[in-house]
Each structure stands twice: as C-alpha cells, then as structure tokens.
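Presented as structure tokens, the chain that follows is alone, the form predicted alone.
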C-alpha cells in the first residue's frame, strides 16, 4: 500500500503550484472556468465539460490591485484581482463570481471592469435562502448562470449531465469529510500544512481525480496503528487557513487540527446535493441547507456557537483557534457570540489575525505557543 507521505506530497505539490495545473489542463485541450468564493454551484461548469478552477487569492504582495482596492480591504479580493491583472488567470474561458458579502459585491464589478477580456458570470445568492421564495430565486440565478455557461461552452448542459456532476461532487465531498476525520485521528502522520494542502488541491483538480487520490490516502491512513498524540488537538475556525508559515507554527508548538470550521475547507463540503429530481432545485436546496456560516444570514445567532461546541466535543479537541481574516466584518461581528458560547461550555479559545499578504507571523506564533502551553497544563 502506498504510504501516506507519498500521497500527501503529490497533493501538496498540486496545491502549491496551481498555475502549473491550469497550464496542464489547457495543454490537454480542456477548458477551465475560474470559481471565486463562496458557494458557487461548480457542478454546472463541470457538466458543461469545464474544469472548475478555484480562486481564493494567493500569498504575497499586491502589485496591481491597489489601483482598485485600498490596503484595508479583504486580501482574498485584493490578491485575487492582482492575479488577474498580472495575467495569472489568462486562459480561463470565464469566471463565476458571487456576491455573498459586502466585500464581494464591489469586487465583482471591479473585476469586470479591470479584466474585460475574461467573460464574467455574476451570481447573486439570496440571504433568505431557506424559504420557498429563496429557493425559487436561487434556482432562477442558477438557471441564468447555466445559460451563460452554455453560451461560453457552445453546448447545451443537460439535466443528466448535471446529475452526473452532482454524483462526482458528492463522492468528492464524502472523501474530503472522511479525510478530515482520519487526519484528526492521525496527527502524527498528517501535519497541519499537509492537511490543508490535501484539501486545497481539490480546487485545482478534476474532482473525480482528486477523489481517487484522496481515497487512496484515506485507505493508507486507516491502515495506520493508533498512536497516542502527545500534543494538543484544536478546532480551527475562519475563512482561510492555508498559509504554510502559519500552519508550521501549529506543528512547531505541538498543535494538531482535529476538525475545522473553515470556509475554504469543511464549510465548502459539509452538505451534499440530491442526485435525483430537478438538478437545479437540488443545487438550490443544497445551498439553502448550508448553516453555521457567518457569511450567511441566520436568525438564530446562538446556533453557530452550539455548532462549534459540538464540533470540539465530537472531534476530541481541547480548544478552538479562530483564524480571523483581516477586515472581514462578518467574521468579526460573529466572534463575540461564538466566543461567549465556548466560554459558557468551558472551552478555551484564542483569536489570531491572518491575511494573504502577511509576512511576519511572530505575534501569531507567540499566541499559539501560549495557547498550547495553557491547554497542556
């Protein structure tokens, strides 16, 4: 059986060089569609024959996007637009850009203005997504995006093709959920950086190919003997947690990630879509079923706190590390309620700042070291 480290390295190489993956895809004659966060029904692009290519910005200094966004703006938007302006997204047949939060709305229009050579598909999700009228609106938006994808692909997207794409994506979501569980059970074999890379690689691969690799990794992890973890286990929460400089701090201080509530990670594959019936309604109801995300409207403010408490207890974690995206109002406004719920349950937590342009992680390292020492004691 292939050892976990070999498969982890393969997935890590993919995660760390998305440009090479895009170039390889185009060289093979397959077209790609860029997918920006959050909650884009990638299955529609997949059913049209495109490779859905995830775009969550990139680590590094912004060079060109400062002409469109101030420094105190979400770094996902700043670095995502910067990638486009520097030609890193050239070759995409189109991009799909949603408007879930106040930051993304102007981002979509700035992108459309800054990169008119890349076809732009706007997607508006309803916040009142659970009611029948919200589901109906989501279906109408998905139907419009489907028609625009058909125009780009110059082919019809059949219901059967969408159902087939949903099956592929459900299988991949299940494999990623199982990997999260196994990585939490075997932190001696899966480092925080390796865990993040295995999940991140899904954004740059055909989901069927990613499922095949990840399933092999899951099999190899299941075969490992149980090893007592001498460090501490935590749950992470936030938008992004994929920076190696940040995640290496977790490993340095003996902190394993038992589970996560990260938008880029588990939130994105928490819910499956029905493989029967009207596929557009299945995708709309999948979005309606998304919960416990500060980017989405929830009438019950206590629900996400209860969700995190349950996640900590189920995963056997000792505390929660909030990885707060700089200048993200939804996360910052949600934090006091969630922290109060953890405090009432006796679960320690710590918040550290993070964004795509960070270079100095000294303060984060000090906070994590102190938090790990406190949990160990």
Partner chain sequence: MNENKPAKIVLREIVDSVYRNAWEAKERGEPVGWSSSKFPAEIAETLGLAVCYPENQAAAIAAKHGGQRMCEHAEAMGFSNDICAYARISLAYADGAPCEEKPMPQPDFLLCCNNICNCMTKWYESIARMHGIPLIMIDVPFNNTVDVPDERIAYVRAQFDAAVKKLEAISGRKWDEKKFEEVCANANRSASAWLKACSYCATKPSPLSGFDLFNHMADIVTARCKPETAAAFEQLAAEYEKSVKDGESTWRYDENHRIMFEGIPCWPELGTLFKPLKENGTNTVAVVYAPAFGFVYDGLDELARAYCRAPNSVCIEAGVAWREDLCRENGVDGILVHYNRSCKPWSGYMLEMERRWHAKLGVPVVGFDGDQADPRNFSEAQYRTRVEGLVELMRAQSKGAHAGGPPRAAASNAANEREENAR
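Since the model is a prediction, treat every value here as computed from it, not as a measurement. Positions refer to the first chain, counted from 1.
The protein also exists as the form predicted in complex with its partner chain; that form is not presented, and the subsequent description refers to it.
- Shown alone, this chain has one stretch from 127 to 135, 259 to 267, 192 to 200, 238 to 246 that lies within 4.5 Å of its partner chain in the predicted complex by heavy atoms: 127 to 135.
- Among the residues 215, 290, 109, 274, the one placing a heavy atom within 4.5 Å of its partner chain in the predicted complex is 109.
- Just one of 208, 153, 101, 306 comes within 4.5 Å of its partner chain in the predicted complex, counting any heavy atom, and that one is 101.
- At a distance threshold of 4.5 angstroms between non-hydrogen atoms, residue 294 is in contact with its partner chain in the predicted complex.
- Taking the partner from elsewhere, residue 122 is found to have a heavy atom lying within 4.5 Å of its partner chain in the predicted complex.
- Using a 4.5 Å cutoff between non-hydrogen atoms, residue 329 counts as a contact of its partner chain in the predicted complex.
- Residue contact with its partner chain in the predicted complex: residue 204 places no heavy atom within 4.5 Å of it.
- Contact with its partner chain in the predicted complex, defined as a heavy atom within 4.5 Å, is made by all three of 67, 141 and 336.
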